[in-house]
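Before any questions on how it binds or moves, here is one chain, the form predicted alone, in structure tokens.
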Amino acid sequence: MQTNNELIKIFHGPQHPGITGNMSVELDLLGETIKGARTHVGYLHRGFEKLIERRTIIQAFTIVCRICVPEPDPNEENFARAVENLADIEISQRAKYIRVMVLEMARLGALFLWMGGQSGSIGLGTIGQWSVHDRDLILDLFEELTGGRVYHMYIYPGGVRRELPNGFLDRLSQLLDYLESRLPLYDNVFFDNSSFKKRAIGIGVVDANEALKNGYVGQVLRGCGIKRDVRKDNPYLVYDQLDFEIPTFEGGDVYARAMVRRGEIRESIKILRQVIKQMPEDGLIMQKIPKHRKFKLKKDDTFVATESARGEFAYYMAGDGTEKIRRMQVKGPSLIHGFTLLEKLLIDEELSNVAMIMNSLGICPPEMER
């Protein structure tokens, strides 16, 4: 039996519906109030960076998508673009548009998956049923395009590895119309829900100055009213040819981060419609690349970044003139959000808010065990 001043230690995860993957948070509780929090990873033991450094370029390609399962495609794009930089490969405009299409489809899928997790953290099970169903419709198109629903291995050094199926853009356009028609329902049941507002407003507050100082990214930063996005700040592919806004919200809390994501769903739909309209009909989807053992990277290094559904996601890659990557390093939002920020935000919060705060930060554990 707990006395007034006695702390009880419990583990939130790794087998827990409120955890965001293979991780655990060790909590020190005084009653229902958290007095200490320590993030534990180590339930995957992947070591992606070293696995990549011990394989050829082509072999390493199959590893990168595992770094974040809910949204693997930014990994593929970062890897492909880094290799292209070190191998002096320039891809066509058509391939760039296809890559943007894939990245924005992946962003929508990740945001709908987040919606199910965030709503489930406060007991709104209906939204989880809806959002996972709607995400499955996106995965149907991914399966048609790439042959895979989760791991796509489609964005490849030199371009993309398969042409669009006949009528694919029309089916994508129809899906966008459907998803947009669903947004008022999500607003009524989730985003504008008084229960969610009562639970989320003022919880897990991040200070804007602290966010900048500590290098927080994505919705954590934009939820503090700070407009930062790699697609605008350092454009890649054809994002500089597309018209879209960077949603922000004031407050820095769980609700602000949710409203930023709500705006990002709208903007991704907007981007995809422009891609459908502007995509060139002609152009190689894949440039000619060297054979497996002859694919060598020059002695140089490069740093590339994408804006994933969770924030800035970057790769550092160095070559040494061989068919292997000399040095590989992944920089993602999960490490800083899952350790420094999560452990700080949980102090003096109630136990019932752990899952809600964690889901709001966009933590992907494999990215920490890279």
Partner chain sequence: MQEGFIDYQKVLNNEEHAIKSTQSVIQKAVDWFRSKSMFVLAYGTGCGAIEMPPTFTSRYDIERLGVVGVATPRQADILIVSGYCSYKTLKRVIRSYEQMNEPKFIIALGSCTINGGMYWDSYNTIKRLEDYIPVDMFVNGCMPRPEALIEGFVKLQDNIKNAKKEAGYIKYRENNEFYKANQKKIFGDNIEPSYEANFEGMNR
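Numbering follows the first chain given and starts at 1. Given the structure is predicted, the values throughout are model-derived calculations rather than measurements.
Below, we refer to the form predicted together with its partner chain, which is not included among the displayed structures.
At the 4.5 Å threshold, heavy atoms of residue 129 reach its partner chain in the predicted complex.
Shown alone here, residue 273 lies farther than 4.5 Å from its partner chain in the predicted complex, counting heavy atoms only. In the predicted complex, its partner chain sits beyond 4.5 Å of every heavy atom of residue 30. Its partner chain is not shown here, and in the predicted complex it never comes within 4.5 Å of any heavy atom of residue 296.
For its partner chain in the predicted complex, the listed stretch (264-272, 243-251, 133-141, 89-97) containing residues with heavy atoms inside 4.5 Å is 133-141. Scanning 150, 284, 205, 164 against its partner chain in the predicted complex with a 4.5 Å heavy atom cut-off leaves one residue, 150. In the predicted complex, the residues of 57-73 lying within 4.5 Å of its partner chain by at least one heavy atom are, in order, 62, 63, 66, 69, 70.
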